[in-house]
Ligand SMILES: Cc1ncc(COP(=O)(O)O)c(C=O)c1O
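This document opens with one chain alone, in structure tokens, the form predicted on its own.
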């Protein structure tokens, strides 16, 4: 790294510290000694302003499932840009994308577009309240559903919640909102199902990540949610912002064989551009239809950039690529090989290493004992060790978010995995020598 480019990155980091709240773009910022400013990305790799190249395993926190600057997406977006960037009214690209989504999503006959995953889960809950006339919703402890007030209860607790109550994750949320949000433990049928039954007459919806962060659903758990919500006419909502078009073409619904009433999609759905949606049967989305529903009974879910043609063109291109034969087999093979190699390397050096989740999206946690099933099980991981390991990877040219997820893209290759496992082994070797 030359002095010039190193100084340029330092200057930009200094400006970020001055002009951006928290010095970053949200909750997650890298520690100062490994922080960087990205200049460009291509395929599975990014390059910092300082000239350092990284194999990227964060991929924009998931949207870049095709890798950075995929030719199909850049071509589609470049073709749309001269035609206009937004219209508000219907456009050809968004109608085509809606059709593709309905064809792919098992629960969907129609979709409603939104600007982000936060909007999509927020609007899905509003639709559920409109359909049922009930006000309370239930989420599962540890589930991540965006930044709105109803989502931020029991998301990252370090101790078990007082089920069905939980503490807010953020300041600035009115405590009255917590009266409408019930929280139950993921993967715990013995406690969750009775809580749903107890509050069934008040519950509009149960909102769940079918793959909760890095926790795979236990056999029968999603099926139990489907059965009890159907019995009491509670709307079951799958948050597939992460799993949609990633762990299977039909997402978690296809992978796990359970079909919800509504599902939310984002991230990979739009090929790295900002867009999300709610999908469901026409009768479930009827509260959004101003043509058939009295205005006083409408659930409002509008936005200036809903159905933006730039994002829609990127989405159409992304789905064209993802629908090619062998795509998901390739993702699983690359991700599975990486997961197995990380676990083997860590254990060989004396660390209790578990690569949890699915092959296309997983998280490395240092935990003794059996695979964790619940959020509280997951809290037994060695967070300090995870941070130390993540820092070593960053120093050695892997772009990761310590103690978070590895996102695999279709751009990652066997050569990337070979190089990554060399880096991983070197990091473990250095860590073991310190002990």
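The structure presented is a predicted model; accordingly, all values stated were derived computationally and were not measured. Numbering follows the first chain given and starts at 1.
Same protein, other form: the form predicted together with this ligand, not shown, and the subject of what follows.
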Point to revise | Listed range touching this ligand, judged in the model of the complex by heavy atoms within 4.5 Å, from 139-147, 76-84, 347-355, 320-328 | key: 139-147
Revision key, fill the gap. None of 118, 316, 132, 155 but one has a heavy atom within 4.5 Å of this ligand in the model of the complex; the exception is 118
Review point. Exactly one of 225, 215, 184, 241 has a non-hydrogen atom within 4.5 Å of this ligand in the model of the complex; which residue is it?
Key: 241
Practice item. Would you please decide whether residue 209 lies within 4.5 angstroms of this ligand in the model of the complex, comparing each non-hydrogen atom pair? Key: yes
Check your understanding: Is residue 365 close enough to this ligand in the model of the complex to count, meaning some heavy atom within 4.5 Å?
Key -> no
Review point. At the 4.5 Å heavy atom threshold, is residue 267 in contact with this ligand in the model of the complex?
Key: yes
